[in-house]
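Taking the form predicted alone, here's one chain by itself in structure tokens.
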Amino acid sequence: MVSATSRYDLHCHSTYSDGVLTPAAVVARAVGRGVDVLALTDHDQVAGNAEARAAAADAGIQFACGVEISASFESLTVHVVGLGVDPDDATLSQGLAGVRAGRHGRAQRIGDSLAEAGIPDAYLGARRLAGSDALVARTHFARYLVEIGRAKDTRAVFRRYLTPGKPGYVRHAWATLADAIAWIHGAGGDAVLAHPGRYPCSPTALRRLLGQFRDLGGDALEVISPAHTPAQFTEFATHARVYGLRGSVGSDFHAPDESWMDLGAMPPLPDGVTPVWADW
């Protein structure tokens, strides 16, 4: 039974993208950590929702089908989480298929860039960890580089590789911000700008992003995220109020011990922010 004190986690990943647990195992971990309402939001992929939804029903917790769509804004790659989407919606499925095709090409170019930097076979290593050409993401490259001793953990990898100005970075055009929001709305969902504090942009560019996201019909801002410091929780709560957006919370869980925030470990939304789930 969902109540005013229910614990929500509306951003996490499974083996259908760059998580290490199956959808059912993600649900089991969430249940064990006291989550009452869960959304599975794999990157550009909705295929894991059926398994997760069945596991959630068996466990007696509420489940929202979700997705995290890669989108381009100016020179940035940003992520838009869709919550409560119909995973069988034809337009959403077609759009995601196109994004995944681009993801595969980008992964191959990342492997080429790392090879030029003296790290051969990185694509093969990442592909082995992903289990499929269609699923290879930067996180799989990061885990492979940790595996071969190039860094002590995935956070160290992203400081040294895969980001702008570093070996392995590949600029790529994803879905447009307008398309990502339209696909989510067309599938009956709420569009949430994920972890805004993670994007490497100036305060002015961030305001442009928030304004465009709002003007295109975006619904909410992910206020609570492991990408944010506690001070940023307050900062992005203020942004949500100023831009007329609701607030969302998510652990962005990928694997045990890869983040300081586990499933269900988020603090509540700051006062004055309307939760994205207010009308659910």
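None of these values were measured; they are calculated from a predicted model. Numbering starts at 1 and follows the sequence shown.
Just so you know, the form predicted in complex with a small molecule exists too; it's not on screen, but the next bit is about it.
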property	result
Stretch from 103-111, 80-88, 176-184, 119-127 whose residues place a heavy atom within 4.5 Å of the small molecule in the model of the complex	103-111
4.5 Å heavy atom contact, D9 to the small molecule in the model of the complex	no
Distance check, A137 to the small molecule in the model of the complex, heavy atom within 4.5 Å	yes
Proximity of Y199 to the small molecule in the model of the complex, heavy atoms at 4.5 Å	no
Contact of R155 with the small molecule in the model of the complex (heavy atom, 4.5 Å)	yes
Partner-contacting position among H43, R29, R246, H228 - heavy atom within 4.5 Å of the small molecule in the model of the complex	H43
